[in-house]
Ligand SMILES: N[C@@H](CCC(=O)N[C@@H](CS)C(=O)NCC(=O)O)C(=O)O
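Before any questions on how it binds or moves, here is one chain, the form predicted on its own, in structure tokens.
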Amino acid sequence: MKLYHAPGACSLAPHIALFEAGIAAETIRVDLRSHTLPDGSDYLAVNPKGYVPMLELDDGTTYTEVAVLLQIIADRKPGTLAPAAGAPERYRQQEWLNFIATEIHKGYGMLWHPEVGEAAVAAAKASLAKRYAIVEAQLGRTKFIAGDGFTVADAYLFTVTRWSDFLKVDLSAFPNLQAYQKRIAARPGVIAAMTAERLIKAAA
């Protein structure tokens, strides 16, 4: 199995899932500016979408889109990072995965392009605040986003919410979310993935 990724990008979520599940995989870093791979070859030749992540299975089959990759990884270790397929809890997790993908992950999109102007940036931040208010309420009821156990949905939410510091999204109104981010960051699997991507320094 191969994970095509870029440090700190949304591909951190499946990277975390791999460590949490204890699944060995080759990681291949993608230069998102030039769309090249470490050997100099064209990433667009293997993934016309041009972005990360992409997961390549041992038989050569490839998949993209964070929410899909997370479920593929989870299903490699049933009962570890996702409820059983067909269970109501699985549908709830999928609901959160879709919410994170469409309302939070994509909600940050405008903020990576400040050239759109202050009004557009302000509108994007206001929209994110509304979405995070929903997350805040959920985290007041449950320890993790989809219930009381860590799932791949948490890997995804943690990953995209990390961008808030760099993009100056104020989360001070969401104490449950802030505490959640600290709890997730302290997990061994998360630390391992972030260390592998050189987002944090390895422990001495």
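Quick caveat, the model's predicted, so the values are computed rather than measured. Sequential numbering from 1, following the sequence displayed.
Missing here is the form predicted in complex with this ligand; even so, the following discussion is about that form.
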{"query": "Partner-proximal stretch of 146-154, 172-180, 30-38, 131-139 relative to this ligand in the model of the complex, 4.5 angstroms, heavy atom", "finding": "30-38"}
{"query": "4.5 angstroms heavy atom contact with this ligand in the model of the complex for Leu55", "finding": "no"}
{"query": "This ligand contact at Arg90 in the model of the complex, heavy atom, 4.5 Å", "finding": "no"}
{"query": "Residue contact check: Ala193 to this ligand in the model of the complex, 4.5 Å heavy atom", "finding": "no"}
{"query": "Proximity of Glu65 to this ligand in the model of the complex, heavy atoms at 4.5 Å", "finding": "yes"}
{"query": "This ligand in the model of the complex: contacted by all of Cys10, Tyr51 and Trp163, heavy atom 4.5 Å", "finding": "yes"}
{"query": "Contacts with this ligand in the model of the complex - residues in 78-116 whose heavy atoms fall within 4.5 Å", "finding": "His105, Lys106"}
